[in-house]
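Only one chain is shown below, in structure tokens, and it's the form predicted alone.
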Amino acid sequence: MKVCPTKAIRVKNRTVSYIAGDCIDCGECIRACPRGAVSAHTTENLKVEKTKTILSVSPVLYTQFGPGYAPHEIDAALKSMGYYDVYDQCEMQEMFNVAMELYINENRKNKDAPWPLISPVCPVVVRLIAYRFPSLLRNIPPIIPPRELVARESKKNAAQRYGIGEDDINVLHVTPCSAKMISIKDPLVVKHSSLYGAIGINKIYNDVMKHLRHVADIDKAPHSSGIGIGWCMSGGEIAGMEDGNFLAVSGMQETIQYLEKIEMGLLGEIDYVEFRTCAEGCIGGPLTVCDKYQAKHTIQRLVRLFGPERTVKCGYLKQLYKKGWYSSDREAGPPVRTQQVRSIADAIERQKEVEKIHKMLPGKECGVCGTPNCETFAEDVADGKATVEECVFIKCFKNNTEKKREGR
């Protein structure tokens, strides 16, 4: 309840928790719950025909098995499980870097362009901005994230090979992130997601390990890049970009603090900010298996192995960029709010009422009332969702006062 960045969780009768506000699927409650009562809804339980299913793999998966296994061996293990094909996102992430550089250079010529630009890659950050910092939506470039580019292109390629429609092919994203499902069902950076669903790394890990033991003498040449592998950790995205003033921020509270700074206009000298709400980047995602610091060590080894230089052809990518190959078909806009939208006058009156109620409260921030803090409780009371007597301190004070009046 207390770690939720949007203060969306409430507890009823001290036993049952529920969502009362805007959930951004960040997974903070999954990490915090000591009993494992919170879990992410993914696609692994849906029945899909593997022979017509493609896996789009987050490079984070390659960090979960230690230094003894190479990315192409892990891809081979996945394919041996019966899937039609497996796509490594690393190359597409390099291509995304080039597209973002071109977009930044274009906007430097635009006097009205918002600065800094904010990476559209992390779905939690995009949803957090939409709910808490909607004025910053214009700072998110209309460039399609790598996972969507991989899904779109792999479906096209598979449809040509099969000779069937793209709608008959499912693309599943193997991910460390609990927010990928909502970014598929209700995307904010594209109109419609090309992904069918998402599988948590923690759900597929054991099966991959079983098949890895039987994978030997792989002839397939490694196609991962050091730049793409580096995306797994904080700073990896901007490490693949050149000629600019970039910044990488990880962790939920740090992300919120820096978004507040951007909202106040304090970071206008920065060109681009890579935000990741998980500590240390995507390797700190709630659906991972390996310790994030061990995973980071594996990443650093793989980056040295594959090299920090680009493997893509920039001239060809510039042509694709001009044709709009990377461009999103949706302007970043706020999602449908679950909370009531008020007029300015009503909002002012509500705020006055909230402040009045807040002054009555003890400020203990105990959470016994079922809300994360006194301010949120005051908002619930003002909205008619709770009563002041639900505060145990006020209730005790009221009971003691009544007993004194009755002479007890």
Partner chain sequence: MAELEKTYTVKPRDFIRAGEVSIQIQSLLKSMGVTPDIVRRASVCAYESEMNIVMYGGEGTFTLRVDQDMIMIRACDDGPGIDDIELAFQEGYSTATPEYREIGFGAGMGLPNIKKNSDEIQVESHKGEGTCLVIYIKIN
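Residue numbers count along the first chain shown, from 1. Given the structure is predicted, the values throughout are model-derived calculations rather than measurements.
As for the form predicted in complex with its partner chain, it is not shown, yet the points below apply to it.
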*Among 24 to 32, 65 to 73, 346 to 354, 364 to 372, mark the stretch whose residues have heavy atoms within 4.5 Å of its partner chain in the predicted bound form.*
346 to 354
*Give a yes/no on whether residue 105 approaches its partner chain to within 4.5 Å in the predicted bound form, heavy atoms considered.*
no
*its partner chain contact in the predicted bound form: residue 264, any heavy atom under 4.5 Å*: yes
*Taking heavy atoms only, is residue 135 within 4.5 angstroms of its partner chain in the predicted bound form?*
yes
*Wondering, does residue 260 line up within 4.5 Å of its partner chain in the predicted bound form on heavy atoms?*
yes
